[in-house]
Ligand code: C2E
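One chain is shown next in structure tokens, namely the form predicted alone.
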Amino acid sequence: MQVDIATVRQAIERDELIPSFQPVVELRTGNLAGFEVLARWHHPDHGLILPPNFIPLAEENGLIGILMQQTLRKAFLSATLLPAPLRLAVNVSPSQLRDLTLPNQLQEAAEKGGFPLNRLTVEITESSLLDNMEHAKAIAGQLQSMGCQLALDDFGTGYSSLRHLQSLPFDELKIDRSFVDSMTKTRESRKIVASIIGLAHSLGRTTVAEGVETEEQADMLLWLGCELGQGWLYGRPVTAEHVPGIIAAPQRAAPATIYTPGDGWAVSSLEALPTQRLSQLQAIYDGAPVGLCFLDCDLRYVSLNKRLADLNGAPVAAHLGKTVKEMLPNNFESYEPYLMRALQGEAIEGVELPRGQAKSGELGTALISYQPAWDEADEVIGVSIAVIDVTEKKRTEQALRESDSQLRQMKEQKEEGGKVPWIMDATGNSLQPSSLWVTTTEVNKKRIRNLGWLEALHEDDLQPVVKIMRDALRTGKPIDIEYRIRNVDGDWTWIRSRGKPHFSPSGEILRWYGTLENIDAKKKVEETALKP
């Protein structure tokens, strides 16, 4: 149909303009947030005529005000079906922002329709502000005083977006559909959308994405922290009679978690705002019992916690902006293969590598994990690294290996005087009983394990032995005790047990190593000599 100004006038006179309602949805919950009101022309012969065919003509010929009033009057009357807190959003044209009676027109239409202005959002396009800032400020201030919220429509497409954002008290930023459409295709658009959302959050503004048509777009917007979305994915514009059905329909299921690209981590959808995530992650960084850092694709330190800085032997500030090679030149050759694999998208866990300089000045050992970080389009943007200092553990393991090796040598040799070795842990539990004990006492080998060996002692010797053992375990003093055990014939046999602790490099007791000696014959000779 060919539309001209005469047919537009005729449409207004015949009251053929009707409101259409497009759903606006909360991305994090899937709940309906409200509707944007869009003008439609229902021609009796040609059916529905879309705005681009008549809005510019009405704008150029001074009919946009009456057109809006006609549409909003019907929209507000229909909106009595909207339960609180569902909202309505309406768009005002550039020419209307020159009309200082606009706030009164909106108020009159809302009052006639019985719709509260504190549930109304007035959308202003950036292009309408280019040469009309003074009137726009006056109108915006009056609208806010009436309880309306203000949204800056098509944000980022104008010539001075930031100045407009600073000059007028906007509550919402609407991300233009051109960015939403291309954000899943080009990195530049993704970064623009991320920047708009980050800017809005830093200013305490809400973001609304226009033209959401795919689940991929919705997921990306959700991950970036966008609060609201509208588009064909959530519903096309409908006439008033279909609104109750949309309200009553089951809401879209929202994910319980937001999965970051790479499926390696998830965060609660209730904590989706980037600014909140930043403070949460900083708390995790600072409180983690391991060294943590993030490297960009050039292997430069973007962030790290103090624990890792200490392990590397330099302050946190000295790392930032520097490469791993610059900070750890002696170890970089060992790290580089794993860093390159991580930048290719491979997650690597638990690799033992040299680390920094130990406090003693000797090279330390670390258990290092590398996790690639993905952006919203599954591109690796850096590497997250976790470092656990295992230097002391490795020294302890080496010390135990050396001690156990010494014990094996002792067992392989024939001990002088019938002395047979034993091993006990730092708390007094028998780990490897002496073969002399096993062949002498009636308590079997299984029962000797842990503290079961005390069962075989003579009741007169039990308390003195326990006292000496407790003191040795507490202080590390060598053990040298004599006691009686019941042998396999039911008689009592005298035993001498001697042992010394083996310490870790840090001074902790690791093991007790000692020998048993059968001194029964010697004790009997002594007893005979003492008889009168």
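Note that the structure is predicted; figures quoted are calculated from it, not measured. Residue numbers run from 1 along the displayed sequence.
Missing here is the form predicted in complex with this ligand; even so, the following discussion is about that form.
Using a 4.5 angstroms heavy atom cutoff to this ligand in the predicted bound form, none of 430, 485 and 520 count as contacting. Taking the partner from elsewhere, residue 32 is found to have every heavy atom lying beyond 4.5 Å of this ligand in the predicted bound form. This ligand in the predicted bound form is approached by residue 51, whose closest heavy atom lies within 4.5 angstroms of it. Taking the partner from elsewhere, residue 212 is found to have a heavy atom lying within 4.5 Å of this ligand in the predicted bound form.
When this ligand is considered in the predicted bound form, residue 97 lies well away from it, no heavy atom lying within 4.5 Å. Though this ligand is absent from this view, in the predicted bound form it lies within 4.5 Å of a heavy atom of just one residue from 372, 421, 291, 237, which is 237.
When you look in the predicted bound form, the only residue of 123, 389, 126, 227 with a non-hydrogen atom within 4.5 Å of this ligand is 123. From the list 296-304, 112-120, 318-326, 89-97, the contact stretch for this ligand in the predicted bound form under a 4.5 Å heavy atom rule is 89-97. Contacts with this ligand in the predicted bound form, taken as any heavy atom within 4.5 Å, map within 227-241 to 231, 232, 237.
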